[in-house]
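In structure tokens, one chain follows: the form predicted on its own.
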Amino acid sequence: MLSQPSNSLLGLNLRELTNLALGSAQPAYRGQQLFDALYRQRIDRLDQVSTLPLDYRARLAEEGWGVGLPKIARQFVSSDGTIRYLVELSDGETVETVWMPEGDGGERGDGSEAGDEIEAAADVEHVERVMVRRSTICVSSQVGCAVNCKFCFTALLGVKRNLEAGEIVGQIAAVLRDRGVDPPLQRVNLVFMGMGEPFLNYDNFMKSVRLLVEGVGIPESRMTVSTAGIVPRIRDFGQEPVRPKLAISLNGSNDALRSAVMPLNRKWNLAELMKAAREFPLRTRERMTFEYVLIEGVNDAPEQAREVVELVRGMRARINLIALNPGTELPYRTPEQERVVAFREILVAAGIPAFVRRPRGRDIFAACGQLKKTMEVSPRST
């Protein structure tokens, strides 16, 4: 699938920006100045690059170059402080990006849903810009998604196109600007778990990772990418010198069950997926993360928990359990808390670290599996 062409500077790396400057008879260091302005300062207009001569800024504009920072079209604020951003791209398409103060939903062994330290105001413009200890941004990689997981809102959209590296980085830059947060001074985690399958947009995803590390200043150790199980790309990803942590969406304990909720399993079945996972070169102290969405009466029974135990036995792994986030357009239901706890206890008893992810932003359709460019959700939206 082709990415949308643009004249955006955002998305160009240091070498490309240096070559651009040299092509205009500028000294090579102009490339570094542009790079710093785009990624560290996160400008949104060329006239803000005060280190560049006026004539060079004018020439860039004449040649059709712009920063290319995506526009925040709408914001929706949850009662738990989560903000869902509808981000508009240069061609008018939109994706969703989620800001979660104080983490990504909190991984709790007991499945509890403790309140957050940040309370949302009635209007997003007046949400207090507090200095948080740890925040997470959930990032999209495609407009829509082609994987067609049956429990996910985004699957209802299909897929329209891949995002460019600059559009991926641009989501993060736009949110950081809006929240007044400046990494690395403040800790920000990134999860590539928004709209789309990152490994079906692999080159742009990996380029965005490098730009985020080298430019924005967010280390790869604070990034996690989730894949539905694109086996060849899992192998490629393991060979990357700079890479985020890996999470694999499991969601089924056997082939019949997983194929029913994740049709992708018919292309790369559990045997192939688990072989790739077992062969993945984990770093020191790193664990492979498996994500398992629990669906009432579908994959949440004790026998299925025991099958999961056998799938990951002997691996350096952990499992994040996610009780299905509900939606009226989906035929599934959220399991009772007792079933979630029972499922987890079977995993823990077998020596597998297992955590229940606390939902964030359910009331504004910002929780896992709910991203669908939904517009009519909350009186808090602006």
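In this text the structure is predicted, and so the values were computed from the model without any measurement. Residue numbers run from 1 along the displayed sequence.
The next section is about a form of this same protein that is not shown, the form predicted together with S-adenosyl-L-homocysteine (SAH).
Looking at Gln171, Asn251, Ser208, Thr82 here, can you tell me which has any non-hydrogen atom within 4.5 angstroms of S-adenosyl-L-homocysteine (SAH) in the predicted bound form?
Answer to the contact question: Asn251.
Looking at Leu324, Leu52, Val67, Leu60 here, can you tell me which has any non-hydrogen atom within 4.5 angstroms of S-adenosyl-L-homocysteine (SAH) in the predicted bound form?
Exactly one listed residue reaches within 4.5 Å, namely Leu324.
Looking in the predicted bound form, any heavy atom of Leu330 within 4.5 Å of S-adenosyl-L-homocysteine (SAH)?
Yes, Leu330 lies within 4.5 Å of S-adenosyl-L-homocysteine (SAH) in the predicted bound form.
With the cut-off set at 4.5 Å between non-hydrogen atoms, does Asn162 touch S-adenosyl-L-homocysteine (SAH) in the predicted bound form?
Asn162 lies outside the contact set for S-adenosyl-L-homocysteine (SAH).
Give a yes/no on whether Met100 approaches S-adenosyl-L-homocysteine (SAH) to within 4.5 Å in the predicted bound form, heavy atoms considered.
No.
Evaluate Val77 for contact with S-adenosyl-L-homocysteine (SAH) in the predicted bound form, applying a 4.5 angstroms cut-off between non-hydrogen atoms, and reply yes or no.
Heavy-atom contact with S-adenosyl-L-homocysteine (SAH) at 4.5 Å: absent for Val77.
Using a 4.5 Å heavy atom cut-off, which of 215-223, 296-304, 233-241, 190-198 contacts S-adenosyl-L-homocysteine (SAH) in the predicted bound form?
Stretch with heavy atoms near the partner: 190-198.
Taking S-adenosyl-L-homocysteine (SAH) in the predicted bound form, which residues of 215-231 have any heavy atom within 4.5 Å of it?
Ser226, Thr227, Ala228 sit within 4.5 Å of the partner.
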